[in-house]
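Shown below, as structure tokens, is a lone chain in the form predicted alone; questions about how it binds or moves come after it.
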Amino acid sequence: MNVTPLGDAALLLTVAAAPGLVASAAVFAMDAALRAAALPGVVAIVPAYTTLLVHFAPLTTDADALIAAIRALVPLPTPPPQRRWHVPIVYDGVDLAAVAAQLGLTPARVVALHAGAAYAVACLGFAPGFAYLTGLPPELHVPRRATPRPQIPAGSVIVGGQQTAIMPTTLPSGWHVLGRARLTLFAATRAAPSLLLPGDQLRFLPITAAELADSVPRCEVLP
């Protein structure tokens, strides 16, 4: 594990060297260990694909003491994901046919591949509640649009490069829209504002447009 100071109040922990955009189990393990340890002075922990950013209060602890405490936590066991989400989705996105044609597939095959995969939340970024999901089948890896759209509606299920995601709010994006879901990914008034968290698993459940209004994401706690 490499530890790099960032200014006088943060450390960047590189805990894995996974190639490409593969979420690292080591990142999730270190994140869980740091939160459980509740080290003095740590004020925020931000997981990414292969790194963790640890913010600390310089008046409470110093970088050397914190680095020593962090290194004492390893080696780490790899904890299993704690939650699995089942998200209903209507596959009627404006880009479904174009993505299928670009990949040499039928729209039905794109739907089958996308809905048949198991995804993991690697990290949050870009916008509040935006979860980068890894696990997109290689057959669906597609370059982003040459020209981003100025507005993609909230709830849109999108793909870009090696990843898929759900739009938390209406935002610009160059990712391709495959469908839509009905869920609130971010609410500042919730105890945990972001619905999806790093380490969560997710599966998409195809439904019809008539079923969308009554659809509810389901979460199961894993052993």
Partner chain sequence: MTHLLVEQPGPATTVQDAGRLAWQHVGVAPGGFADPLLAALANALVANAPDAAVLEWTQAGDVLRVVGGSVRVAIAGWTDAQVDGVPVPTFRGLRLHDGQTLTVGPLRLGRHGVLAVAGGLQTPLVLGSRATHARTGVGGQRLAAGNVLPVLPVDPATADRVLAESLVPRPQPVVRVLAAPQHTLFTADALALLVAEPWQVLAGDRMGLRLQGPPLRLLPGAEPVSEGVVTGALQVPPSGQPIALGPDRQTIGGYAKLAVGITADLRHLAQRTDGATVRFVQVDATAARGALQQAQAELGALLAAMRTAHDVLPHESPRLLHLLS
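Since the model is a prediction, treat every value here as computed from it, not as a measurement. Numbering follows the first chain given and starts at 1. Between two forms, the rigid core is the largest collection of C-alphas that superpose within 1.5 Å.
Below, we refer to the form predicted together with the partner chain, which is not included among the displayed structures.
**Asked** Only one of 176-184, 153-161, 35-43, 65-73 gets a heavy atom within 4.5 Å of the partner chain in the predicted complex; which is it?
**Response** Flagged stretch: 35-43.
Which residue, 87, 124, 111, 99, is the contact with the partner chain in the predicted complex, using a 4.5 Å heavy atom cutoff?
Filtering the options by heavy-atom distance leaves 124.
query: Are any of the heavy atoms in residue 165 no more than 4.5 Å from a heavy atom of the partner chain in the predicted complex?
result: The answer is no: residue 165 has no heavy atom within 4.5 Å of the partner chain.
4.5 Å heavy atom contact, residue 220 to the partner chain in the predicted complex:
Flag for residue 220 set to no.
Next on the checklist: Using a 4.5 angstroms cut-off on non-hydrogen atoms, would residue 129 count as touching the partner chain in the predicted complex?
Outcome noted: Yes - in the predicted complex, heavy atoms of residue 129 and the partner chain come within 4.5 Å of each other.
message = Using a 4.5 angstroms cut-off on non-hydrogen atoms, would residue 205 count as touching the partner chain in the predicted complex?
response = Answer no; every heavy atom of residue 205 is more than 4.5 Å from the partner chain in the predicted complex.
task: May I ask whether 9, 51 and 193 each come within 4.5 Å of the partner chain in the predicted complex, counting any non-hydrogen atom?
output: Contact check passed for all of 9, 51 and 193.
### Message
Superposed on the rigid core, does the Cα of residue 43 end up 2 angstroms or more away between this form and the one not shown?
### Response
Where the cores coincide, residue 43 still shows a C-alpha shift between this form and the one not shown that is 2 Å or more.
C-alpha of residue 184 off by 2 Å or more between this form and the one not shown on rigid core: No: residue 184 shifts by under 2 Å between this form and the one not shown.
(message) Superposing on the rigid core, I want to see if residue 61 changes position between this form and the one not shown - specifically a Cα shift of 2 Å or more.
(response) Where the cores coincide, residue 61 still shows a C-alpha shift between this form and the one not shown that is 2 Å or more.
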